[in-house]
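In the block that follows, a single chain appears as structure tokens, in the form predicted on its own.
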């Protein structure tokens, strides 16, 4: 038990170190350069923007590391800060360019992170605040960031659509916004610029001179006075960042109070402390979990109302279904248990439970630690493909808020059936124990080795024992490396890598935010019972 705790606390220290890399690009020198221009780091601005004493729930902190773009290996935090905070009591999505990272330019991962934040905002009916300080697209990669759907133009498309739905889009320009970056100012419902600090133009002074021969300063071309007093492209002029942050809060001060569309009970702390997860979760991520112990640590009062406990003589027990409360909110749970392998009985059980919760309009939490669906002739003949497809169909069509928490293996079709990224959960959280990939490194090494051996034997050059070991280890390292939460977090395959101690707080906020949008009526596809 102690060994588990020591191991996971050590793993979370590496998480803290990686998060610090994301938060502190350029070190103190970068902060000093901002100060010379009367600017502060964007997270300081966000702290002043949200209600005093309230937390900012930052998303996708690990995005952008190890991307290997041309001439740029890392894009810390993807060059943009995104997250949810309260402004006058209302949850609000905040997106802020970090000019310390390549002058706030947009790489493919920057776009993905920006639009993931917009997707959450649109789905959950959140107002949006943009703190804009961007040079637009990263020009060496223009083909990967400019012309396609989900490229730069989609940001403005999303702003327009959310504005049309009544979701306020407010932009505070804290620096230069060139080309596409300027539209983040011009597309807003209301925008704020800072005198002699904010600039917005479709083409900066060098491009203007090249295109027209005109010589003009940035201030005279697209400064705050030009756009608030001449062009009308912006609405408010402020003298510094402090005044500008106050103006954003003022603009959102009369927004209608949000409502959570679900009944809520009095919050209770778990009887089993959340801290117990450090002991009960094995150091090996491929070892099964005790789903009951996990639920006991996160549920209000440690109370779990289980459904179909004895279904199919217990053969459905590798997944637990039932209800808990998280900080007063009722939640339907689908939780891996033991080895977590999904048999056809478990698939049937989950399908029925997802449909039932959908009709009751109860949100769903998927706690994932499953290496896959069961294979072999017995399972195929029993209908694992058919019942697995029904499970995927139910998860795909469930209209209630769905959140995934990954606590272990997240492999193959189990990723799909347990509401992985492709199934558009409202939020997806991993832990340092998560391993998301098509299969484990050991399994991949074995499969690919057999293929390689067959090729080499056919070519008349069978592999030596040393070559076999080297090839297999190479595949294990590759697949296990790509399954690691740092690799997945860098590519935005999760919304946050959580410490075990953070799980209840983040789940509570995620469900509350997801329930700001009324739950519609259930509609399901063609089941094959």
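Computed from a predicted structure; not experimentally measured. Residue numbers count along the first chain shown, from 1.
Keep in mind the form predicted together with ligand COA is missing from the figure; the text below concerns it.
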| property | result |
| --- | --- |
| Non-hydrogen atom contact residue 413 with ligand COA in the model of the complex at 4.5 angstroms | no |
| Residue 105, heavy atom within 4.5 angstroms of ligand COA in the model of the complex | yes |
| Interface membership of residue 139, ligand COA in the model of the complex, 4.5 Å heavy atom rule | yes |
| Residue 178: touches ligand COA in the model of the complex, heavy atom cutoff 4.5 angstroms | yes |
| Ligand COA in the model of the complex: contacting segment from 388-396, 178-186, 161-169, 347-355, heavy atom within 4.5 Å | 178-186 |
| Heavy atom within 4.5 Å of ligand COA in the model of the complex - residue from 332, 372, 135, 316 | 135 |
